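Consider the single chain below, provided in C-alpha cells and representing the form predicted alone.
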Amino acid sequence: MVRVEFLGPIGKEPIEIEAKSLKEVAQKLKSDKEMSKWLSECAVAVNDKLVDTLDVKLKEGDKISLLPPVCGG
C-alpha cells in the first residue's frame, strides 16, 4: 500500500491504495471525477521529493503528495 495525500485546496482526505508505480496511482485517481481535474495541474512528490515523470516505481509505505498550484502575494 502507498499513501496518497492531497494538499491545499483539493480538500480530500488521504487514501491508501495498492500501486506499483505513479502511473498506476494516476490511473486510479482519474476514475474519481473530482480528482481528474486536479491531476493535470498538480505537482507530484514521492516521499517529499518532487518528481517530473509518472515512470516512478513505488514500494510499500511510499507517500505520494499532490501539490496544487498556489498564488502568493
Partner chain sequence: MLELYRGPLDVDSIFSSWQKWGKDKNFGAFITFVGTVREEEGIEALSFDVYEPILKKWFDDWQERANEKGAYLKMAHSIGDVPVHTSSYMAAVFSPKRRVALELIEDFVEDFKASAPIWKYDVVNGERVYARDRSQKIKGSGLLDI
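Just so it is clear, the model here is predicted, and its values are computed rather than measured. Numbering follows the first chain given and starts at 1.
Unshown form predicted in complex with its partner chain; subsequent notes refer to it.
- Contact between residue 32 and its partner chain in the predicted complex is not found at the 4.5 Å heavy atom cutoff.
- For residue 54, a non-hydrogen atom is located within 4.5 Å of its partner chain in the predicted complex, even though that partner is not displayed.
- By the criterion of a heavy atom within 4.5 Å, residue 58 is excluded from the residues contacting its partner chain in the predicted complex.
- The closest heavy atom approach of residue 66 to its partner chain in the predicted complex falls within 4.5 Å.
- If you take 30-47 and check each residue for a heavy atom within 4.5 Å of its partner chain in the predicted complex, you get 30, 38, 39, 40, 41, 42, 43, 44, 45, 47, in sequence order.
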